[in-house]
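Next up: just one chain, as structure tokens, the form predicted alone.
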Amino acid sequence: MVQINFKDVAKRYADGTDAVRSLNIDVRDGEFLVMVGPSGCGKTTALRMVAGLESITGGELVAGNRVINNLAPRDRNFAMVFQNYALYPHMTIFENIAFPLECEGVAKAEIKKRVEHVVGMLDLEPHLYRKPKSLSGGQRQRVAMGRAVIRRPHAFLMDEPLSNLDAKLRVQMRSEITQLQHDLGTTTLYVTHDQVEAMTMGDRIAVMNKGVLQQVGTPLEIYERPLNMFVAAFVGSPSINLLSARLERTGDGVICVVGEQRFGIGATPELEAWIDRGIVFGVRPEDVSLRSDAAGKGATLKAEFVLSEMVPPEQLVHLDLGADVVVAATEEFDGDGTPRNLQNGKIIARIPSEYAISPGTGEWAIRKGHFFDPANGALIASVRFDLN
């Protein structure tokens, strides 16, 4: 096991493209850290620099208190698991897993012992003398994991290892990889564009965009207190609702104005400087609920029911706040980073599927909101509403 430190690490290609810009992350000894972001954000380039497959054009990459910028890949003792498995088709499963040890000149008896131990961990015993083409995608990925594990490396480097699997297998393999990493305690740097993988697998998550690190934190920290609008919009499905708003003072309190609607937000010191100024108000779908369900608590907005999508045990309720309400962001980020235009005045609430929603306009309670700087997207404050 080893700690991996990115110290102002950068990657600039010959054509002037900055793939990674001044990256600073400390991957702790034994930690499972997931790098996530849309396609082209620099996460895979960062992983490949750790592996030694990409040169570093700025900063230092440190592993175990040793700068490894110019160290050959074979001398780093990192095991990489690729998206496409990278198995040898002419070799049996036993031979594929044993191959790294044979390259190191390990004795045959020791190889047999270690292979048997690894296949036992990964439930591959029945397939030991089959060829990769006869295995399912999930089984092939286990073989790739076995070949990485058997080396007893300082760290695992995983480049979207589940992206070629179907949805059911991805769920299964997520838990298997997570459990294996916890059992081994091996430092792991895992790259994915899938926020669900990131949230369910990582001890911490590093969110990247356009080569720049946006935030590092636990899944709960990233979700509950995103540092900017990009992180808030990228993490969470459906995405956070982002609305142009304005703050005004009333008596001893502050109100948030969304279109022609107003609701109180209490006294929040961080928002004092934003009185009589434009601001971005964000609310996650699960923080929008039926007024009757909110038991008199929360800020209130009136919205017209548009449609409901059943995703038991929940439903996604599409609401229209009115044409005078402007969506703050011009795009949202799907799992693959594809921008999609947003419609004015539309928000989504996530509520229990058994609730029946009547057509027409009703009152909806907002339990928690995030306020962002419209100029640079930075988080100003997260506020939990508790208003009668």
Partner chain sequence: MSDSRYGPKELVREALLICVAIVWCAPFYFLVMVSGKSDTDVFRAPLAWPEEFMFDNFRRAWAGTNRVTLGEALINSAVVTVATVAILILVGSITAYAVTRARATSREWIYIFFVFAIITPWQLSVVPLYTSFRQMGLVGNQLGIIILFSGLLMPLAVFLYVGFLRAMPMEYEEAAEVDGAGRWRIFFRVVFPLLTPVTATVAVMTGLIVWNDFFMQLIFLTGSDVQTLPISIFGFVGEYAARWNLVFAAVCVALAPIIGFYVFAQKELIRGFSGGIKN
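Positions refer to the first chain, counted from 1. Everything numeric here is computed off the predicted structure, so don't read it as measured data. Take the two forms, find the largest set of C-alpha atoms that superpose within 1.5 Å, and that set is the rigid core.
As for the form predicted in complex with its partner chain, it is not shown, yet the points below apply to it.
Its partner chain isn't shown here, but in the model of the complex which of H154, H127, R246, R140 has a heavy atom within 4.5 Å of it?
Exactly one listed residue reaches within 4.5 Å, namely R140.
Give me the residue from A86, I275, V257, L169 that has a heavy atom within 4.5 Å of its partner chain in the model of the complex.
If I apply the 4.5 Å criterion carefully, the residue I get is A86.
Quick one: in the model of the complex, does every one of F263, K302 and D373 get a heavy atom within 4.5 Å of its partner chain?
Not one of the three qualifies.
In the model of the complex, is there a heavy atom of its partner chain that lies within 4.5 Å of any heavy atom of R147, even though the partner is absent here?
Result yes; R147 sits at the interface with its partner chain in the model of the complex.
Would you classify I357 as touching its partner chain in the model of the complex, given a 4.5 Å non-hydrogen atom cut-off?
Output for I357 is no: heavy atoms all beyond 4.5 Å of its partner chain.
According to a 4.5 angstroms non-hydrogen atom cut-off, is L53 in contact with its partner chain in the model of the complex?
Within the cut-off, so yes.
Does its partner chain come within 4.5 Å of any heavy atom of A79 in the model of the complex?
Residue-level check for A79: yes, a contact with its partner chain.
Tell me which of 302-310, 71-79, 281-289, 204-212 has residues with heavy atoms within 4.5 angstroms of its partner chain in the model of the complex?
Among the candidates, contact is made by 71-79.
Counting only non-hydrogen atoms and a 4.5 Å cut-off, give the residues of 94-132 close to its partner chain in the model of the complex.
Residues within 4.5 Å: F99, P100, E102, C103.
With both forms fit on the core, has R152 moved 2 Å or more by CA between this form and the one not shown?
Comparing the forms between this form and the one not shown, which are aligned on their rigid core, R152 does not shift its C-alpha by 2 Å or more.
Inspect the rigid-core superposition and answer whether the C-alpha of K210 shifts by 2 angstroms or more between this form and the one not shown.
The answer is no, as the C-alpha of K210 shifts between this form and the one not shown by less than 2 Å after core alignment.
Could you tell me whether the Cα atom of H182 shifts by at least 2 Å between this form and the one not shown after core superposition?
Not so; H182 is displaced by less than 2 Å.
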